[in-house]
Structure formats: structure tokens, C-alpha cells
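Given as C-alpha cells, the chain that follows is alone and in the form predicted on its own.
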Amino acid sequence: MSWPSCLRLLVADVCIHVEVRAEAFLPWSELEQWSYGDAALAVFVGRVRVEGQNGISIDALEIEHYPGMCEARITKDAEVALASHGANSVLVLHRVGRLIPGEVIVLVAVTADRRGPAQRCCSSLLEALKHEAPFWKREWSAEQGIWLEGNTPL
């Protein structure tokens, strides 16, 4: 399968693949299709929580983004993280639209020659993604939507 409409940057053996999708995806299938050859791979998969930020069960999480700007921001953050941690490649897949509890929201994968750089880069990029990328989230419960003003703590 080829990935539609994505930003892919390949410079000096560094590969960054960023994609924002409305369609659901299976993280492990995506990783199998992503070509990487480094010794270390760090992966984070985020799912929709059952309980919202206010402690109440949610029926759905709605995620909106600023198309183009969002992918560009994530790509820039990936470039910085790769350079800072000495990693070699990044894959970021992020969902938008209405998602139900348990559905995958995000996949962040990083490769490097060693586990330390891969893990540190993955963690750093995930934090940048949570706090810098232009996504807006609304939690739905009992047919009422509440826009979230901040992100959950680490």
C-alpha cells in the first residue's frame, strides 16, 4: 500500500513521513509497510480514552486540524527532534474526525542506530506533537461537546 497525500522528506539518509488521516489505521500493519533498516525502533501508539479530562465517560473524541499547516509543523518538529537526538527516521500518522474510545489516534515511530536516541527522539517528538501541532479536540458525552483547552500531562 502506498500512503496518499503525505509529506515525506528524505535528506542525507534521514526520512520523515507525516500524514494526517480521516480513516482508521492499524499501527502494526503501517509499521510493517514502513521501510526502516536501523537497529532500534521506538514506537508510541495513542488511543482515545474512555474517560474525558473532566473524569466523565465520553462517547467520542472529535479532532480537527489546520490542513497543510499541521503537517508542516509536525515535519519541522520531527526535523528538530531527529537532529537533537541523533535518530534517522520518523513516521507520524495522526487521525482527525470523530473517533470512539479505544480507536487509535496517533502512531509515532522513530528509528536510530541505538535504542537511546530512538526512545528519546520518540518521546520528544510526541511532546512536541501534543503541544505544538494545530489540532483541536472536542469530547462528546450525552450529545454535548466540550472543546478541550489543554493537553493531558505527561
Partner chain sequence: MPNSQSSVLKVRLFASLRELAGWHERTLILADLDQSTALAVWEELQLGPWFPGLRIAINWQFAEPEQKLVAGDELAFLPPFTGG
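The shown structure was predicted, so the numbers you read here are calculated from the model rather than taken from an experiment. Positions refer to the first chain, counted from 1.
Unshown form predicted together with the partner chain; subsequent notes refer to it.
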inquiry  = Is it true that 56, 102 and 143, all three, sit within 4.5 Å of the partner chain in the model of the complex, judged by heavy atoms?
reply    = no
query = Taking 4.5 angstroms as the cut-off for heavy atoms, does residue 21 touch the partner chain in the model of the complex?
reply = no
ask   = Would residue 64 count as touching the partner chain in the model of the complex under a 4.5 Å heavy atom rule?
value = yes
task = Mark residue 136 yes when one of its heavy atoms lies within 4.5 Å of a heavy atom of the partner chain in the model of the complex, and no otherwise.
result = yes
query = Quick one: does residue 68 come within 4.5 Å of the partner chain in the model of the complex, counting heavy atoms only?
reply = yes
query = Looking at 102-110, 82-90, 30-38, 116-124, which lies within 4.5 angstroms of the partner chain in the model of the complex, counting heavy atoms?
reply = 102-110
task = Note that the partner chain is not shown here; using its position in the model of the complex, name the residues of 123-151 with a heavy atom within 4.5 Å of it, in sequence order.
result = 129, 130, 131, 132, 133, 134, 135, 136, 137, 138, 147, 148, 149, 150, 151
